[in-house]
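What follows is a single chain, given as structure tokens, in the form predicted on its own.
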């Protein structure tokens, strides 16, 4: 099985990119996929998350920090193709756009988390513009938009409605909500499905993982489901 690459990207910070990247990595390992999480965000939230894991119960996926490489990150990513079933890349926001672009050049899927704010909708449009530029060179890149940190408000409903009208991308049916369990997972250095009592958040992430993986060709069904 050839290595597959999922990049999590949005022009706006604070939309849940790292939360999705870390939890996808955790779920992938639970499903038997040898997984590498790559941090290319100078803020290093994914590194901080996994550093919280206790020595006796380390985070199951491998992680490396390539945030200092800038646009050279693509060449470094390619060195790991033969060592993993799956690579997940946690991208920086707008100020490091060229770094994200380099990662997208070698990706199979890009997931854009969008939280329920008008600013996030604008940022997702900007992200899609960058992705369109990348598709000139990587025309197999699949674009998924995921509603993140959703709440039961009219604004959230409006954002979700707008997402479903997005052209050039697939809006995911599954989403995440603004549950405290995700912050607890960061504190424990683990995936949310390992947090005691976090049944709802765990179900969300499992559903999100199922849907994203369904778009990856050539992954063994026995390893995913």
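All values derive from a computational prediction rather than experimental measurement. Numbering follows the first chain given and starts at 1.
FYI, the form predicted together with a small molecule isn't displayed, but the following is about it.
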Does the small molecule come within 4.5 Å of any heavy atom of residue 59 in the predicted complex?
-> no
Any non-hydrogen atom of residue 208 within 4.5 angstroms of the small molecule in the predicted complex | no
Is residue 177 a contact residue for the small molecule in the predicted complex, using a 4.5 Å heavy atom cut-off?
-> yes
Taking heavy atoms and a 4.5 Å cut-off, does residue 24 contact the small molecule in the predicted complex?
-> no
In the predicted complex, segment of 51-59, 182-190, 30-38, 64-72 with a heavy atom within 4.5 Å of the small molecule | 182-190
